[in-house]
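So this first bit is one chain, no partners, the form predicted on its own, shown in C-alpha coordinates.
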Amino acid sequence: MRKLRAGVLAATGAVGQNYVHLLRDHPWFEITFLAASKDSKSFEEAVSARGWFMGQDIPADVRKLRVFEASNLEAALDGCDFVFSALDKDVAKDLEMKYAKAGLPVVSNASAYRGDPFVPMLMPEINADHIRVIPAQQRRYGFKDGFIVVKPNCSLQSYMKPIHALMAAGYNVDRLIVHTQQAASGAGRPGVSALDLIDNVVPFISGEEEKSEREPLKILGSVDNDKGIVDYEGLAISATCTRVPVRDGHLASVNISFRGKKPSADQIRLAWALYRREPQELGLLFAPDQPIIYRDEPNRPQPVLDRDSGNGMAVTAGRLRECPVFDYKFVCLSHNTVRGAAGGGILNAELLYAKDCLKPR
(Lines give C-alpha, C1' and ligand atoms only; values in the text may rest on other atoms or scores of the structure.)
Protein backbone atom coordinates (compact mmCIF):
# COMPACT_ATOMS: atom_id res chain seq x y z
CA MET A 1 0.00 0.00 0.00
CA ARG A 2 1.37 3.40 -0.94
CA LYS A 3 2.01 5.98 1.71
CA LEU A 4 -0.56 8.72 2.28
CA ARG A 5 0.51 12.04 0.83
CA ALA A 6 0.84 14.63 3.61
CA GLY A 7 0.95 18.40 3.35
CA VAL A 8 2.37 20.80 5.92
CA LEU A 9 0.87 24.28 6.32
CA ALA A 10 3.22 26.94 7.73
CA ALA A 11 6.06 24.56 6.88
CA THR A 12 8.85 27.11 7.39
CA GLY A 13 7.96 27.96 11.01
CA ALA A 14 9.25 26.20 14.11
CA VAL A 15 6.42 23.64 14.36
CA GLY A 16 6.26 23.18 10.58
CA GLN A 17 9.98 22.46 10.44
CA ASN A 18 9.57 19.93 13.22
CA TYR A 19 6.89 18.15 11.16
CA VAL A 20 9.30 17.99 8.24
CA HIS A 21 12.02 16.68 10.54
CA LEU A 22 9.92 14.07 12.36
CA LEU A 23 8.18 12.73 9.26
CA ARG A 24 11.40 11.73 7.52
CA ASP A 25 11.19 8.04 6.57
CA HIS A 26 7.74 7.65 8.15
CA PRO A 27 6.36 4.34 6.80
CA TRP A 28 2.74 5.57 6.53
CA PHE A 29 3.06 9.22 5.48
CA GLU A 30 5.25 11.11 3.02
CA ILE A 31 5.43 14.88 2.59
CA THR A 32 4.32 15.85 -0.91
CA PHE A 33 2.95 19.38 -0.37
CA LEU A 34 4.38 22.35 1.51
CA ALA A 35 2.76 25.72 2.12
CA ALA A 36 3.81 28.98 3.75
CA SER A 37 2.89 32.66 3.65
CA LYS A 38 4.30 33.04 0.12
CA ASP A 39 5.47 30.96 -2.83
CA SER A 40 9.08 29.77 -3.04
CA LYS A 41 10.92 27.73 -5.63
CA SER A 42 11.99 25.21 -3.01
CA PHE A 43 11.71 24.45 0.70
CA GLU A 44 15.46 24.95 1.00
CA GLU A 45 15.09 28.46 -0.39
CA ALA A 46 12.04 29.21 1.77
CA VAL A 47 13.84 28.46 5.05
CA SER A 48 17.12 30.11 4.07
CA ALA A 49 16.09 33.55 5.34
CA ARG A 50 14.95 32.45 8.81
CA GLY A 51 17.18 29.38 9.17
CA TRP A 52 16.66 25.64 9.64
CA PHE A 53 16.30 24.90 13.36
CA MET A 54 16.36 21.10 13.52
CA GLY A 55 19.27 18.92 14.65
CA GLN A 56 19.53 17.08 11.32
CA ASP A 57 19.78 18.46 7.80
CA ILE A 58 16.65 19.04 5.75
CA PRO A 59 15.48 15.64 4.44
CA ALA A 60 16.73 15.14 0.90
CA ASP A 61 13.28 14.32 -0.50
CA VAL A 62 11.85 17.59 0.87
CA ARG A 63 14.73 19.94 0.16
CA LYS A 64 13.69 20.69 -3.43
CA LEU A 65 9.91 20.55 -2.97
CA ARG A 66 8.18 23.71 -4.10
CA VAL A 67 6.52 25.78 -1.38
CA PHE A 68 3.08 27.15 -2.29
CA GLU A 69 1.22 30.08 -0.80
CA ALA A 70 -1.04 28.56 1.85
CA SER A 71 -4.27 29.83 0.28
CA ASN A 72 -3.57 27.86 -2.93
CA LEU A 73 -6.21 25.17 -2.40
CA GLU A 74 -5.93 23.94 -5.98
CA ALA A 75 -2.27 23.03 -5.45
CA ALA A 76 -3.10 21.37 -2.13
CA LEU A 77 -5.89 19.26 -3.64
CA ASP A 78 -3.56 18.17 -6.39
CA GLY A 79 -0.63 17.52 -4.09
CA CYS A 80 -1.77 15.69 -0.96
CA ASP A 81 -4.35 13.51 0.79
CA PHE A 82 -4.45 15.49 4.06
CA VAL A 83 -2.57 18.31 5.77
CA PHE A 84 -0.83 18.99 9.05
CA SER A 85 -1.52 22.57 10.09
CA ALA A 86 1.04 24.60 12.04
CA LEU A 87 -0.75 27.86 11.22
CA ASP A 88 -1.11 30.72 13.66
CA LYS A 89 -4.53 30.89 15.30
CA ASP A 90 -5.73 33.97 13.40
CA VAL A 91 -4.81 32.50 10.01
CA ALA A 92 -5.97 29.00 10.91
CA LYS A 93 -9.54 30.10 11.66
CA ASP A 94 -10.16 30.87 7.99
CA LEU A 95 -7.75 28.58 6.14
CA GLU A 96 -8.38 25.34 8.03
CA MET A 97 -12.10 25.69 7.37
CA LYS A 98 -11.43 26.28 3.67
CA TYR A 99 -9.19 23.20 3.44
CA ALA A 100 -11.79 21.02 5.16
CA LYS A 101 -14.58 22.34 2.93
CA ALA A 102 -12.42 21.62 -0.11
CA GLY A 103 -12.24 17.97 0.97
CA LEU A 104 -8.90 17.77 2.78
CA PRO A 105 -8.70 16.47 6.36
CA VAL A 106 -6.81 18.89 8.62
CA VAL A 107 -4.71 17.66 11.55
CA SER A 108 -4.05 20.89 13.40
CA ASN A 109 -1.76 22.28 16.07
CA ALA A 110 -3.60 25.59 16.10
CA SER A 111 -5.99 26.66 18.84
CA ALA A 112 -8.62 28.16 16.53
CA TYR A 113 -11.09 25.25 16.79
CA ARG A 114 -10.21 23.76 20.17
CA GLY A 115 -13.34 25.25 21.68
CA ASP A 116 -15.66 23.89 18.97
CA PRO A 117 -17.68 21.00 20.47
CA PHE A 118 -17.77 19.26 17.07
CA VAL A 119 -13.98 19.30 16.61
CA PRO A 120 -12.10 16.52 18.45
CA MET A 121 -9.20 17.77 20.58
CA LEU A 122 -7.21 14.57 20.76
CA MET A 123 -4.82 13.09 23.26
CA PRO A 124 -5.14 9.55 21.86
CA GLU A 125 -4.33 7.75 25.11
CA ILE A 126 -7.24 9.56 26.75
CA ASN A 127 -9.97 10.26 24.21
CA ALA A 128 -9.41 8.31 20.99
CA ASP A 129 -13.17 7.71 20.92
CA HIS A 130 -13.79 11.42 20.29
CA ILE A 131 -13.16 10.83 16.59
CA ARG A 132 -16.76 9.54 16.61
CA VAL A 133 -17.87 13.17 16.39
CA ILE A 134 -16.28 13.66 12.95
CA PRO A 135 -19.42 12.63 10.97
CA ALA A 136 -21.48 15.14 12.98
CA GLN A 137 -18.84 17.79 12.28
CA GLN A 138 -19.05 17.03 8.56
CA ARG A 139 -22.83 17.33 8.59
CA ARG A 140 -22.72 20.55 10.61
CA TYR A 141 -20.27 22.32 8.30
CA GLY A 142 -21.19 20.69 5.02
CA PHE A 143 -17.88 18.88 4.63
CA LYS A 144 -17.86 15.91 2.27
CA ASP A 145 -14.49 14.25 2.85
CA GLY A 146 -12.70 16.92 4.85
CA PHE A 147 -12.70 17.47 8.62
CA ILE A 148 -10.67 19.19 11.34
CA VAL A 149 -8.98 17.49 14.28
CA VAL A 150 -6.86 19.45 16.76
CA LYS A 151 -4.39 18.73 19.53
CA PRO A 152 -4.49 20.51 22.89
CA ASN A 153 -2.15 23.10 24.32
CA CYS A 154 1.40 21.82 24.84
CA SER A 155 1.33 22.49 28.59
CA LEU A 156 -1.37 19.83 29.11
CA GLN A 157 0.80 17.04 27.75
CA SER A 158 2.98 16.96 30.86
CA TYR A 159 0.24 16.16 33.37
CA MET A 160 -2.96 14.95 31.68
CA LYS A 161 -1.91 11.32 31.18
CA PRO A 162 -0.84 10.85 34.84
CA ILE A 163 -4.20 12.31 35.90
CA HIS A 164 -6.19 10.19 33.45
CA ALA A 165 -4.34 7.02 34.47
CA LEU A 166 -5.67 7.48 38.00
CA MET A 167 -9.19 8.16 36.76
CA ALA A 168 -9.02 5.08 34.50
CA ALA A 169 -7.95 3.04 37.54
CA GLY A 170 -11.16 4.03 39.31
CA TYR A 171 -10.06 6.96 41.45
CA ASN A 172 -12.23 10.09 41.38
CA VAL A 173 -9.95 13.10 40.90
CA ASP A 174 -11.83 16.25 41.86
CA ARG A 175 -9.29 19.09 42.26
CA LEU A 176 -5.93 20.00 40.78
CA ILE A 177 -3.51 22.82 41.34
CA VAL A 178 -1.02 22.89 38.48
CA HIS A 179 2.07 25.07 38.15
CA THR A 180 3.79 24.73 34.78
CA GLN A 181 7.36 25.82 34.12
CA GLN A 182 7.39 26.08 30.34
CA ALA A 183 10.40 26.03 28.04
CA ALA A 184 11.42 28.95 25.85
CA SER A 185 10.74 26.95 22.68
CA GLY A 186 7.05 26.89 23.55
CA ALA A 187 6.90 30.49 22.33
CA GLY A 188 8.09 29.50 18.84
CA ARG A 189 10.66 31.44 16.82
CA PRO A 190 11.95 34.04 17.55
CA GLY A 191 9.91 33.56 20.72
CA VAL A 192 10.86 35.18 24.02
CA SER A 193 13.70 37.70 24.01
CA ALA A 194 16.87 36.30 25.58
CA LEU A 195 17.03 39.41 27.77
CA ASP A 196 13.64 38.49 29.22
CA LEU A 197 14.66 34.93 30.13
CA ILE A 198 18.35 35.02 31.05
CA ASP A 199 18.59 35.07 34.86
CA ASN A 200 14.81 35.32 35.02
CA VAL A 201 11.41 33.63 35.15
CA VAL A 202 8.41 35.24 33.44
CA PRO A 203 5.28 34.58 35.57
CA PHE A 204 2.77 35.14 32.76
CA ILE A 205 2.10 33.50 29.37
CA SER A 206 -0.86 34.98 27.57
CA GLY A 207 -3.81 32.59 27.40
CA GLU A 208 -1.96 29.59 28.86
CA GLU A 209 -3.68 29.45 32.22
CA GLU A 210 -7.13 29.67 30.66
CA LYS A 211 -6.25 26.83 28.26
CA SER A 212 -4.82 24.72 31.08
CA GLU A 213 -8.01 25.10 33.10
CA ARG A 214 -10.51 24.70 30.23
CA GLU A 215 -9.08 22.23 27.70
CA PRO A 216 -8.76 19.21 30.06
CA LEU A 217 -12.53 19.25 30.58
CA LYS A 218 -13.14 18.81 26.86
CA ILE A 219 -10.48 16.09 26.57
CA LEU A 220 -12.13 14.17 29.42
CA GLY A 221 -15.63 14.84 28.07
CA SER A 222 -18.07 12.59 26.23
CA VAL A 223 -19.52 12.54 22.73
CA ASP A 224 -23.19 13.52 22.33
CA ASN A 225 -24.75 13.02 18.89
CA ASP A 226 -26.57 16.35 19.02
CA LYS A 227 -24.27 18.54 21.13
CA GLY A 228 -20.89 17.28 20.01
CA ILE A 229 -18.33 16.84 22.77
CA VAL A 230 -19.74 17.69 26.20
CA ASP A 231 -17.25 18.85 28.83
CA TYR A 232 -16.47 16.64 31.81
CA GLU A 233 -17.97 17.85 35.09
CA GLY A 234 -16.65 17.36 38.58
CA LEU A 235 -13.03 18.46 38.13
CA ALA A 236 -11.76 21.88 39.19
CA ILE A 237 -8.33 23.05 38.00
CA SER A 238 -6.30 26.06 39.10
CA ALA A 239 -3.29 26.71 36.87
CA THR A 240 -0.29 29.02 37.01
CA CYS A 241 1.90 29.06 33.90
CA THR A 242 5.41 30.50 33.84
CA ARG A 243 8.17 30.77 31.22
CA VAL A 244 11.60 29.56 32.35
CA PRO A 245 15.10 29.61 30.78
CA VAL A 246 14.98 26.02 29.50
CA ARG A 247 15.28 25.19 25.77
CA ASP A 248 12.82 22.25 25.57
CA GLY A 249 10.63 20.45 28.09
CA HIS A 250 7.59 21.63 30.03
CA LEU A 251 7.65 20.74 33.74
CA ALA A 252 4.47 20.67 35.83
CA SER A 253 4.09 20.58 39.60
CA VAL A 254 0.72 19.04 40.46
CA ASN A 255 -1.28 18.97 43.70
CA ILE A 256 -4.17 16.51 43.50
CA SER A 257 -7.16 15.61 45.64
CA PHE A 258 -9.61 12.72 45.38
CA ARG A 259 -13.30 12.47 46.16
CA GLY A 260 -14.17 9.18 47.83
CA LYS A 261 -11.63 6.37 47.63
CA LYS A 262 -8.06 7.64 47.99
CA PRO A 263 -5.25 5.52 46.52
CA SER A 264 -2.01 4.80 48.29
CA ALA A 265 1.26 6.06 46.80
CA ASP A 266 2.03 2.51 45.68
CA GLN A 267 -1.36 2.27 43.96
CA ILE A 268 -0.68 5.54 42.13
CA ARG A 269 2.70 4.32 40.90
CA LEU A 270 1.12 1.02 39.85
CA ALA A 271 -1.63 2.81 37.88
CA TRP A 272 1.03 4.80 36.06
CA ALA A 273 3.15 1.73 35.36
CA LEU A 274 0.19 -0.26 33.94
CA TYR A 275 -1.21 2.58 31.86
CA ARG A 276 -1.63 1.35 28.28
CA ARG A 277 -4.29 2.70 25.98
CA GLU A 278 -5.46 2.55 22.38
CA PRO A 279 -2.26 3.95 20.77
CA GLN A 280 -0.26 1.14 22.39
CA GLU A 281 -2.89 -1.49 21.54
CA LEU A 282 -2.94 -0.33 17.90
CA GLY A 283 0.84 -0.21 17.67
CA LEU A 284 0.88 3.40 16.51
CA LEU A 285 4.41 4.27 15.50
CA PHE A 286 4.74 7.49 17.51
CA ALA A 287 3.09 5.99 20.61
CA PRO A 288 5.59 5.38 23.43
CA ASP A 289 5.68 1.79 24.73
CA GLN A 290 5.57 3.18 28.28
CA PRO A 291 3.35 6.31 28.22
CA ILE A 292 4.19 7.27 31.82
CA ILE A 293 7.68 6.68 33.21
CA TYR A 294 8.18 7.07 36.96
CA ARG A 295 11.60 8.03 38.33
CA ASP A 296 12.39 7.22 41.96
CA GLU A 297 15.34 9.61 42.21
CA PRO A 298 14.47 12.63 44.39
CA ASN A 299 15.80 15.09 41.81
CA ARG A 300 13.90 13.81 38.74
CA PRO A 301 12.39 14.53 36.29
CA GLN A 302 14.63 17.18 34.75
CA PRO A 303 14.23 18.62 31.25
CA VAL A 304 17.78 17.91 30.11
CA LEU A 305 17.71 14.31 31.40
CA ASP A 306 14.12 13.25 30.72
CA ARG A 307 12.50 15.23 27.89
CA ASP A 308 13.57 12.70 25.23
CA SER A 309 12.08 9.68 27.03
CA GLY A 310 10.04 7.52 24.69
CA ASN A 311 11.50 9.44 21.73
CA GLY A 312 10.07 12.60 23.23
CA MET A 313 6.54 11.17 23.39
CA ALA A 314 6.39 9.88 26.98
CA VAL A 315 5.64 11.68 30.24
CA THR A 316 8.18 11.35 33.03
CA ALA A 317 6.81 11.65 36.57
CA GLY A 318 8.54 11.79 39.92
CA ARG A 319 8.59 13.18 43.46
CA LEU A 320 5.26 11.62 44.43
CA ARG A 321 4.56 12.42 48.06
CA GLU A 322 1.68 13.27 50.38
CA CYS A 323 0.41 16.85 50.35
CA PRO A 324 -0.52 18.62 53.61
CA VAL A 325 -3.29 20.59 51.86
CA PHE A 326 -4.55 18.20 49.14
CA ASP A 327 -3.93 14.44 49.04
CA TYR A 328 -0.73 14.10 46.98
CA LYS A 329 1.71 16.14 44.96
CA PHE A 330 4.13 15.18 42.20
CA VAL A 331 6.19 16.58 39.33
CA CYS A 332 5.91 15.55 35.67
CA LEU A 333 7.57 16.50 32.40
CA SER A 334 7.02 16.21 28.66
CA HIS A 335 8.82 17.39 25.53
CA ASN A 336 6.87 20.41 24.35
CA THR A 337 8.08 20.54 20.75
CA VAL A 338 7.73 16.77 20.18
CA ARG A 339 4.76 15.41 22.17
CA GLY A 340 3.42 18.91 22.69
CA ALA A 341 3.60 19.94 19.04
CA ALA A 342 4.52 18.08 15.85
CA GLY A 343 4.92 14.63 17.41
CA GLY A 344 1.49 14.91 19.01
CA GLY A 345 0.01 15.90 15.64
CA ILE A 346 1.64 12.91 13.95
CA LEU A 347 0.27 10.57 16.63
CA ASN A 348 -3.20 12.01 16.00
CA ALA A 349 -2.80 11.36 12.27
CA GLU A 350 -1.67 7.79 12.96
CA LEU A 351 -4.79 7.20 15.04
CA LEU A 352 -6.97 8.59 12.25
CA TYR A 353 -5.16 6.40 9.72
CA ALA A 354 -5.55 3.28 11.89
CA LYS A 355 -9.27 4.06 12.28
CA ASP A 356 -9.70 4.47 8.51
CA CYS A 357 -10.45 8.20 8.77
CA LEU A 358 -7.48 9.14 6.55
CA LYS A 359 -7.49 7.60 3.10
CA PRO A 360 -5.90 8.16 -0.32
CA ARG A 361 -7.81 10.73 -2.36
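From 1 onward, residues are counted along the sequence shown. Every value quoted in this text rests on a predicted model; they were computed, and no experiment measured them.
The same protein also has a form predicted in complex with a small molecule, omitted here; what follows describes it.
task: Would you mind picking the one in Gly221, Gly188, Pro135, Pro245 that has a heavy atom within 4.5 Å of the small molecule in the predicted bound form?
output: So the residue touching the small molecule in the predicted bound form, by this definition, is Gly188.
query: Among the candidate residues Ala110, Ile163, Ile131, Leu104, which is the single one with a non-hydrogen atom no more than 4.5 Å from the small molecule in the predicted bound form?
result: It is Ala110.
- prompt: All three of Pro124, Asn127 and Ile292 touching the small molecule in the predicted bound form at 4.5 Å, heavy atom to heavy atom?
  reply: Checked in the predicted bound form: no contact with the small molecule for any of the three.
message: Taking 4.5 angstroms as the heavy atom distance cut-off, pick the stretch from 269-277, 251-259, 148-156, 222-230 that is near the small molecule in the predicted bound form.
response: Of the stretches listed, the one contacting the partner is 148-156.
query: So in the predicted bound form, does any heavy atom of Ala314 sit within 4.5 Å of the small molecule?
result: Result no; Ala314 lies far from the small molecule in the predicted bound form.
message: Is it the case that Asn348, even though its partner is missing from this view, gets within 4.5 Å of the small molecule in the predicted bound form, heavy atoms only?
response: Outside the cut-off, so no.
query: Is there a non-hydrogen atom of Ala70 within 4.5 angstroms of a non-hydrogen atom of the small molecule in the predicted bound form?
result: Residue-level check for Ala70: yes, a contact with the small molecule.
query: Wondering, does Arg139 line up within 4.5 Å of the small molecule in the predicted bound form on heavy atoms?
result: Heavy-atom contact with the small molecule at 4.5 Å: absent for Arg139.
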